[in-house]
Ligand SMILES: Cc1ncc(COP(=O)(O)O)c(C=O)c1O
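Listed next as structure tokens is one chain, alone, in the form predicted on its own.
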């Protein structure tokens, strides 16, 4: 990686950022005059898979009586399956309704009002939302540029962490799609611990969101032994393609799990979700098939984007980030796709990725619609981007 200047963290002490959930399919259809059946979500990072496992379990399971009852408060079978899958102890696992509930829980437990949280940017937007909802201060630390894979700036993170209660990390990172280099996170955690010991203070909680870890076949859960204040977050939503089940996990040393446990809402994960996700975690074929399917479709989409003149950034995940050459071009392409019912992930005008769109890898038929649309829409947009008379002026 090329050396880059160490940026100054940007503190945020303003009221919580305005935030709204994504428009529903019905809202998109109404807004753009598109039939509901033509809406395809390329913005939500959910890659549809044949629902064989879920349907088989639902047919075989005795859920009739169970649906009238609350699930077991300890989710015992699901905890056992997760502990076996992730190679940890059962006392090191906490279940939540998706990774997002786990992230919300972590903010409630470890981020007091008025405290500071370090957020390397760009990354998952919910980290800042949860931080400011406490309300706490978000110390935004820019990542390295695209040429360096949007890597973490460890020096800047350590500097910002000296008065922080919590650090939000994501590996592989969303929305940039790449993992950190081998050893980078271990080095960062060692540095954070050394800084805390030197200053005579408690090291910050580090939340490591590994929602996409299965796509690289690598996890950092073992680092909790060297850095006791590490919480790793996993999910069934991405590589297992079970987003609708709403199941996520926190993995940490038992002493941290015991602090989090009283804050966990009871029964937020349904009985069918518990059964289906536990079975998926125990069946290696479910993961293998999904990973192969996503990798194949990701390559096909990437080739189509490259052929259009707008190549995607490298990605190991189930999404691709495409540089459209500027904010105006990104808005133009997004509007044209939405008019066809194809919903991309867009970024605000002041976002560091404002000139990009992110696309989820979906199934063959849905990806085909996006490929067809890009083949038609990209050439005139490419011409406009390349034309100095129409390109955007550089901004200071």
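Everything numeric here is computed off the predicted structure, so don't read it as measured data. Residue numbers count along the first chain shown, from 1.
One more form of this protein, predicted in complex with this ligand, exists but is not displayed; see below.
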(message) So this ligand isn't shown here. In the predicted bound form, which residue out of 75, 310, 150, 127 has a non-hydrogen atom within 4.5 Å of it?
(response) 127
(request) Would you mind picking the one in 174, 315, 121, 219 that has a heavy atom within 4.5 Å of this ligand in the predicted bound form? (result) 174
(request) Evaluate residue 136 for contact with this ligand in the predicted bound form, applying a 4.5 angstroms cut-off between non-hydrogen atoms, and reply yes or no. (result) no
(message) Test of understanding: in the predicted bound form, would residue 238 fall inside 4.5 Å of this ligand by heavy atoms?
(response) yes
(message) I'd like to check something about residue 100: if you look in the predicted bound form, is any of its heavy atoms closer than or equal to 4.5 Å to a heavy atom of this ligand?
(response) yes
(message) With the partner left out here, check for me: in the predicted bound form, does some heavy atom of residue 55 sit within 4.5 Å of this ligand?
(response) no
(request) Name the stretch, out of 229 to 237, 188 to 196, 291 to 299, 258 to 266, where some heavy atom lies within 4.5 Å of this ligand in the predicted bound form. (result) 229 to 237
(request) Output the sequence-ordered list of residues from 365 to 381 with at least one heavy atom within 4.5 Å of this ligand in the predicted bound form. (result) none
